[in-house]
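Okay, so here's just one chain, in structure tokens, the form predicted alone.
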């Protein structure tokens, strides 16, 4: 057997691998060290939500085209501070301004390596139906189109980059404290080259006096996503629950833990509010249930492989509903639980904002 790779089978298929100026109102204040399944570090305005209510399932057929566009690719997550004097009624103006900015950067040679061609078009569009409260601003979707000089007039333009800003389930108390000139769309999702993403961020920072930062998905929130997606199994099969842990070892060890959907569902039901009748179930998922679910997963793995997963860090979660990585990359592959997933990510973005 390869000394750097070991494979074993159990009721759950598992693999162990070794591989060699703006408004910055504080969203955080000291509340002390938080529990092992709450947000860390302890400098937050409040603890991470301990109970999440699953909304009514939304099928892809019920979604508008703009919402379906959010499901087609993997996105890199960032947080963004409130936008100064951003107005949803001026999206056509912003489209022209961003296009002019990109052309200017290309002429200066700054954008030469990001693939911008001679014909550029930028579109800003609203994504209706995402906001959950009156305080939340509508989601904005952005696309950068380009056409080569040799293309025929009827040839479609190629989408070079796309991204969106959203606020889903944001803390209403925080949103109400914002001055009228500021719009809070804290979650920024980008899909495209790093060069184009950097240019778009630079334009937003210059135009709306805001600040961007990388939004990682820590181990706690990956556990939440795994539990939420597993809870959806009865309505939409997750097919397989795949978890990846990074363990502190020399050389570094990566544990890939693949679990059949039915096995994951049975474990989830065993910790899902035992004794609760189906008619009493309001669809909410509690923090204690998430903790018990992962305790069962780790205990099972230890019994078979004598590997202590609690010593490592969960870095990736994947199901048929979506995938998420610690580095801040996420793909939402199904409309089920999309709002719940974005609510969690919005909360993470708000908590990550700098003072």
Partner chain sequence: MDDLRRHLLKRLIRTMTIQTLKTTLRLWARLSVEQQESLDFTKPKYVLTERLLDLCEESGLGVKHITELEMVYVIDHPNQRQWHAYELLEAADDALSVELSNFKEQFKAHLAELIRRVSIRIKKHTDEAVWIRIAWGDRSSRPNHLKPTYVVHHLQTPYVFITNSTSKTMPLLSQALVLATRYSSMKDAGLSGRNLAAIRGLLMKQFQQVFPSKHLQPLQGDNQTKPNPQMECEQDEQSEKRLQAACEAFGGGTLPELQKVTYTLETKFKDKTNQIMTEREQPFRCTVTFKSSNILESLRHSALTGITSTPLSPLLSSISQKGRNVFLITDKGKTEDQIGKKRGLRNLADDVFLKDTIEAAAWCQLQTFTDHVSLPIVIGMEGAEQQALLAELKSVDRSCLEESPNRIEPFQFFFNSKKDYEMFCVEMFDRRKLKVFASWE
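None of these values were measured; they are calculated from a predicted model. Residue numbers count along the first chain shown, from 1.
Missing here is the form predicted in complex with its partner chain; even so, the following discussion is about that form.
- Interface residue remark: residue 69 is not counted as part of the site for its partner chain in the predicted bound form, having no heavy atom within 4.5 Å.
- At a distance threshold of 4.5 angstroms between non-hydrogen atoms, residue 254 is in contact with its partner chain in the predicted bound form.
- Looking at residue 329, you'd find every heavy atom of it more than 4.5 angstroms from its partner chain in the predicted bound form.
- In the predicted bound form, its partner chain sits beyond 4.5 Å of every heavy atom of residue 122.
- Within 4.5 Å of its partner chain in the predicted bound form, a heavy atom is found for every one of 259, 302 and 307.
- In terms of contact with its partner chain in the predicted bound form, the residue from 226, 238, 264, 185 that brings a heavy atom within 4.5 Å is 264.
- The listed set 103, 198, 249, 178 contains one residue whose heavy atoms approach its partner chain in the predicted bound form to within 4.5 Å, identified as 249.
- Residue heavy atoms within 4.5 Å of its partner chain in the predicted bound form occur in exactly one stretch of 74-82, 124-132, 185-193, 264-272, and that stretch is 264-272.
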